[in-house]
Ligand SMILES: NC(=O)c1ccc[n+]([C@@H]2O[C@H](COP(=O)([O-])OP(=O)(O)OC[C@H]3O[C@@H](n4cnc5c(N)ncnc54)[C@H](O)[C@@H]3O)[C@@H](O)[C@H]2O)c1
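Coming up is one lone chain in structure tokens, specifically the form predicted alone.
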């Protein structure tokens, strides 16, 4: 498989290392958007881990070049409907995920089931904490947002999530779900769902030990997307 890497930061380098180790080829590495349609067309698939400001441009460039693209960049999802329409109307291929880790996707499944059970017990107050490295551009993380949305889908006593950066602040009413972000050196990613009562606390935690899980998942998504058109996500890949 020939891969174009759009975004060559820590994740791009981790993906390259795994891709080369299993016999794939990287035909394009771009960290600043300076590539041409001809450069893209050398690839069977593109993997996009850039910035929120450049992700949509990269996606549309891939669609125009008829190269399916796997996107790990987050904080652009306010444009998802427009981008999805562009992909489908131009016969492109798009795979999106706020987190490519198999473990995180199972963590979301567990969170959904736990939220469904605990919704019946008024004494439990849910909250979400996320910790990432200090270079992470968006807060809360895309993973934390998906975790919050997963919980809210099953927890009728809450109707919106509210972000508190560096853990500062509190919810203003009982319908809000607190999502707290923390930034620390050399932390690949930790996400914790907590159900707290006066009597006890139930916690569900996913802790990434390295970027390998994210990179491996992105590569699996790329293999899945070769010669595909349409819009896909981790549910299509993992069936969870």
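Positions refer to the first chain, counted from 1. Given the structure is predicted, the values throughout are model-derived calculations rather than measurements.
Below, we turn to the form predicted in complex with the ligand, even though it does not appear here.
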Proximity to the ligand in the predicted complex, single hit among 184, 200, 32, 174 (heavy atom within 4.5 Å):
32
Can you work out whether residue 138 and the ligand are in contact in the predicted complex, taking contact to mean some heavy atom pair no more than 4.5 Å apart?
yes
Though only this chain appears here, would residue 100 touch the ligand in the predicted complex if you measure heavy atom gaps against 4.5 Å?
yes
Is residue 51 close to the ligand in the predicted complex, meaning a heavy atom pair under 4.5 Å apart or at it?
yes
Would you classify residue 231 as touching the ligand in the predicted complex, given a 4.5 Å non-hydrogen atom cut-off?
no
Can you check 92-100, 152-160, 79-87, 123-131 and let me know which stretch has heavy atoms within 4.5 Å of the ligand in the predicted complex?
92-100
